[in-house]
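First structure 1, then structure 2: two forms of the same chain, each alone, as structure tokens.
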Structure 1
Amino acid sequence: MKTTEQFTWNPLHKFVWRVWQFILHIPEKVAKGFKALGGILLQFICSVRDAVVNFGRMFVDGDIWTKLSYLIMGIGCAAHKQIVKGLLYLGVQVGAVWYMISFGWQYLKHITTLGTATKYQVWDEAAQIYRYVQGDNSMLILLYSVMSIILLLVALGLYFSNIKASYKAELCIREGKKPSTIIEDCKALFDQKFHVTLLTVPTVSAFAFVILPIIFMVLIAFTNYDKNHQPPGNLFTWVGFENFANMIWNDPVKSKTFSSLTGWTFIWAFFATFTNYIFGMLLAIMINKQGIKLKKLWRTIFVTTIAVPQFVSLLLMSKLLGDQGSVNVLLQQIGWIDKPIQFLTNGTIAKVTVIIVNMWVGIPYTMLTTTGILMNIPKELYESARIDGAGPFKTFTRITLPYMLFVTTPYLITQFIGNFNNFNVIYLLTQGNPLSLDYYQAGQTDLLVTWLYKLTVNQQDYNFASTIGIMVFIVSAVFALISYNISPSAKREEEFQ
């Protein structure tokens, strides 16, 4: 069934078939995933074992200097005629020890409790006033602990590389060769080891601004860092999975908010993605149709609206569509309506409004990006459809749409994830309003991400914000995984043509 019949199917069938196959294979894929995870774990254990064995072997085999570098970093290198390298390693060790004593340890020692001493007042006899004694600060303890652990791991890595370097230099001397000089090492950084040079700065900045914050915020989801536990006045501590439990079933208001907003976020993402996709493509087809003149002008008109910064156009829209906004005034003047339409203040209408305004924002974008791909659709397909007497509507649904779905599935899924996290359109247009009393600090058009933003900035309920963030991450990751699995790779492209 797999091979012969498939050639006679039309592309839409194939697409549906592939989605179905994907769903059928989910259990198998999950099992495979776990197997792969087990493999990675096994590999990790093996590499740790190898490292330990190597660690011991180099100690036994090495000379006194290599042995000494297990204690003092760099001494082996220095003894093996790599003075500068040795000094650098020594510097790392001194720096690491100094860092831990002067800074890291005072935070790291509190990691299990996240601090116990709050700020308190003490009567100062001499000055006759109350003085504040600084207590612990859970937030700083957590942040600096994570930072210290990362730095310690880096130092550990350098420690191993110090032993390896010493051993390598020793082997060189034993074989009667000269160990590499510092100048040669520096040159290697621009040739064989060019990746080290290129990736150092990006890695450091990624650690500082991406990895460290992510670890920190993931950990926050397991604490009670909310508006009632703001250090230094009130400390927070570990609470395990309590936030997740509250979010999903424990707390009636929060779980209701979470489930409703998740539902709306999915509805929004679905409609926002597909309305833009289909109408954007129709627009592109219309502009590129043979015999339509002024193609460039039409395209420029629509591209202009993408180029105008979103915060300008969306803020403007929110004012235009307000209860006393110009659209309502105009409609009333013409006499079509008596009362203003509550474009943004009635929950249900607001939901429709944001989807429609999003079409205003997104259709030109799809038009711009899909034009090139639409041009690539083989002309023969259209020719044969015309001969068979298919009208424009049929041609679109039977040829253009399936072809585009086939080629742009990854793009579509990226768009879906993008809309799932579409902060700008919602926040700048409605700010999530109208507010709902049934919800915990959220309005009816709030997406999960705008709720997260409100909880962070307005409410300072960081623990809930982080929990939502993790949920959003899971959804994005699942869709990205699907996109990766379902997308036609280059080798299967011929199958279509």
Structure 2
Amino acid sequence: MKTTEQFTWNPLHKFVWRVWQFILHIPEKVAKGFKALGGILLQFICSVRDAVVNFGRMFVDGDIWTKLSYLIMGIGCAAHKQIVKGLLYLGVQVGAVWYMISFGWQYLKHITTLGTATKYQVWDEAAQIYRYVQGDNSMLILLYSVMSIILLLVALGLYFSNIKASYKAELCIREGKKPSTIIEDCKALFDQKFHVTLLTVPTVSAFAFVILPIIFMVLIAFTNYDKNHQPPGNLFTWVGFENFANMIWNDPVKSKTFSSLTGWTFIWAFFATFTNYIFGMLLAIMINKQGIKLKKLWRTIFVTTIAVPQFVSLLLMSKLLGDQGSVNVLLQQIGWIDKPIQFLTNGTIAKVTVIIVNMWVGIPYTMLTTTGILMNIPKELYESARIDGAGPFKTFTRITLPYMLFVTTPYLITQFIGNFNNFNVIYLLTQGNPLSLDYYQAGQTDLLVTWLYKLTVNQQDYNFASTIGIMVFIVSAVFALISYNISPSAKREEEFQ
């Protein structure tokens, strides 16, 4: 419940109050989180229990063919006059067994060690030369093991589907009905189950090209896969949470690099997001202000900057702002400076420079986004504010800014996370430089994502890069969820309609 004084607070007071209230309620929110997690876990356990009970019930109540379906997939469907469906299930079982015998098992059996035999030489008596014999390949063992486990889970799901289909067909026969034919099942895929037809290809593609690579890269964080352990010549193996421990406290250089770059990444994301947002909004307000002529011309001028590819603008700015770039040369020639300004080679100045350059490439986007929203703010609110004697600043802080924040909070969160992982601006302007001896393979303007890139491409520290990627995901996800849930957009979504 708001007090009378709270209605007269300015936005800064309101922001501080909301942060303080959030801090006070952290224990309560943590307790609710654990309670919700417990509820999800309990629901999962109950679902597993119900599935097991149902699995046993179908075995007890089913006839001999349904019981045989527990051993031979498809035999129950075929016996219950669903021959094509039964053959398809049988094909799945045969295919799964053949895959495991001929391919999958040779990798799965090494999953605990990721291989033990390295490449070695043997003497060829006939040719009188040494020949290399290929050993294990840790990367292929991990990749194909993950793929095999996913395929086994899919086969397991089809195994339960086979039993359920056999029992369902048996019930139809008991009730004097005819089980559905393969033609009827195909027609259902374009009618009642059309969603299954539409989602099958995207789901399979997501597993093949998104989920499988993600699982593989996450597991890399728990290995010692680096430049010294490159298969097949040198195998890598599991190291548990050693990489996380090194990143947080065990290794002083790595932990300092991680903490410093995390702090700079948050600073960069904050200023890169809110400078573009505020100045883009102010630019839109000035262009839309009554009395301003040639509004379309001004919008076109700023939109034209978007037509130039961002990487072209950033590469050009990196050349202009170099120590021997055009800006420094011009300032020296007109006598304003005696020596070049280190726009990109001094740590502090470079950080300020990348924020300012990011405003150049980012403000036009925000101007376009906010222009449409500003046009939808009811004019009556501004008229009432003028009658009450409110000036431009008061009108902005009491009407425009709250409305904009309410509507664009999801956009702001997206922009913040995007800037948190903004590779282009930093890498194309400074390449993360200037380098620092206090950091592990990183520069002072590196973000976590550019550091991750350097570790992967330049140093082949795949395990540590994967660890950083996991931490970036956790930080981004936690921030996005918390910030959105405490925002007015989530709490008062029915307002401003």
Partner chain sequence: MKKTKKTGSMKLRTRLANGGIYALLTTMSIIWLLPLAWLVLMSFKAEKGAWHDYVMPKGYTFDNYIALFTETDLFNYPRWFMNTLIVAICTCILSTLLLLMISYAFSRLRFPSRRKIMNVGLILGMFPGFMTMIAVYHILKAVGLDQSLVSLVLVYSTGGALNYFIAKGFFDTIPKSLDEAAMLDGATKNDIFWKITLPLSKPIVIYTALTSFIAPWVDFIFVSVIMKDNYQNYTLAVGLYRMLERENIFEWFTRFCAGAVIVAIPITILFIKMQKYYVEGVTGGATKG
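For numbering, take structure 1's sequence and count from 1. What you see is a predicted model, and the numbers here were worked out from it, not measured in a lab. Definition used throughout: the rigid core is the maximal C-alpha set that superposes within 1.5 Å between two forms.
- Note that the form predicted alone is the one shown as structure 2, not structure 1.
- Superposed on the core, the two forms barely differ at K164: its CA moves less than 2 Å between structures 1 and 2.
- Relative to the superposed core, I334 undergoes a Cα shift of 2 Å or more between structures 1 and 2.
- Once both forms are overlaid on the rigid core, the distance between the two CA positions of T203 between structures 1 and 2 is under 2 angstroms.
- The shift recorded for the CA atom of A385 between structures 1 and 2 is 2.9 Å, with superposition on the rigid core.
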